[in-house]
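Take a look at this single chain in structure tokens; it is the form predicted on its own.
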């Protein structure tokens, strides 16, 4: 009967450091693998577009060091997916270099390091546009066009289990993956041990965010998932957390518009008939999951395109009359920007926190708070223009001409007199799928021996 135990110490490795106490409890439980996902598109398109990490390297290095030392000490494979937030080639190379540096620092015995890339050449995507198998859009998007591809700076493909399984079959002790489906990182190890696809993918689904599947809430605590021939079990490693029927089922449903299906390259995990059972105070067992293979393998692509340079201005308002007329105040400031720059060739955005800054038009509370914070974003082709657009759009809030105001200016205060240079603005240009004959086509693998 195939069985496997995997611990996951961190969801989106590096975004916040793992908690060492529950991690060591997980290591002491004798896992067969130590694995974590390190990426997310929740962070927006900027890191992919700029080919940077959104997390400090110190946090990423800390988690990699803890996981590497534990994995080598108990002699089990360590698997990391979506290296460095985005899984671009440079992030994979950086993680490989960190592993090599850590191995030298700690004098580790030789081990086999495997890694794979996931960046996709635009010409490969271009060849599919207009073919018999176009690049299909997700979430209501139209098929990808040449124009939208031209507006794209960088594309990564989302790997399924295939490159991980290849590297595991080659005997790799440590694997650093490019952009990957979160659950595939764990499912690959389970499939390598001979479990069913349904159990493997559910195991991956429940482990991908570490203790997000446990209660009470406590991010970055380790959880242990297992398959032993009778479904999937998941156990919280923090002594004050529990994996309950509600917490595990709730986690299975989140992050997707359809709560019952998890799509990966090569198929779909169907969770409609899952049965959840509390088998001890900290452990829930899940049965009834199904895996439906796809007739054609389509790989998800993610691409980001630059919109322009960006500056941020911050203004605050306490004056009740100005708050009551906040839409007119913003309209005045916008008009001053239009007067100087025209109405196109740049972007100007106002986020009014205390009114609808988070929910936008979906905000059900229509009465503004007694004080507001306005975050102004100016985006333009050059830094100079973006700064001036943002400065004008922010500072002119101060000079808004409102009816019945008898004084001069002063209804608005600025946190800083200047506006702040921010990261360039990017947008998601590619959220599509590409048909492939070989699931490894977009994910070249490599191996190297590391250590003394």
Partner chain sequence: MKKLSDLAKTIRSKNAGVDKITFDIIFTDRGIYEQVLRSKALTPTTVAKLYGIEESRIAEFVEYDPACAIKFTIFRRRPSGSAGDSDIFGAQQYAPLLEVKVDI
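Note that this is a predicted model, so its numbers are computed, not measured. Numbering follows the first chain given and starts at 1.
The next section is about a form of this same protein that is not shown, the form predicted together with its partner chain.
Engineer: Is every one of 23, 96 and 291 in contact with its partner chain in the model of the complex, taking contact as a heavy atom within 4.5 Å?
Structural biologist: Looking in the model of the complex, the three residues 23, 96 and 291 all stay beyond 4.5 Å of its partner chain (heavy atoms).
Engineer: At 4.5 Å between heavy atoms, only one of the stretches 131-139, 170-178, 87-95, 102-110 reaches its partner chain in the model of the complex; which one is it?
Structural biologist: After filtering at 4.5 Å, what remains is 131-139.
Engineer: Check whether residue 426 has any heavy atom within 4.5 Å of a heavy atom of its partner chain in the model of the complex, and answer yes or no.
Structural biologist: Contact check for residue 426: yes, within 4.5 Å of its partner chain in the model of the complex.
Engineer: Given that its partner chain is not shown alongside this chain, does residue 249 nevertheless sit within 4.5 Å of it in the model of the complex, heavy atom to heavy atom?
Structural biologist: It does: once its partner chain is placed as it appears in the model of the complex, residue 249 has a heavy atom within 4.5 Å of it.
Engineer: Under a 4.5 Å heavy atom criterion, is residue 377 part of the interface with its partner chain in the model of the complex?
Structural biologist: Yes.
Engineer: With a 4.5 Å heavy atom cut-off, would you call residue 349 a contact of its partner chain in the model of the complex?
Structural biologist: Contact check for residue 349: yes, within 4.5 Å of its partner chain in the model of the complex.
Engineer: Looking at 192, 154, 310, 220 here, can you tell me which has any non-hydrogen atom within 4.5 angstroms of its partner chain in the model of the complex?
Structural biologist: Of the candidates 192, 154, 310, 220, 310 is the one lying within 4.5 Å of its partner chain in the model of the complex.
Engineer: Scan 147, 324, 358, 331 and let me know which has any heavy atom within 4.5 Å of its partner chain in the model of the complex.
Structural biologist: Looking at the other structure, the residue within range turns out to be 358.
Engineer: Going through 22-57, which residues have a heavy atom within 4.5 Å of its partner chain in the model of the complex? Please give them in sequence order.
Structural biologist: Heavy-atom contacts to its partner chain in the model of the complex: 41, 42, 43, 44, 45.
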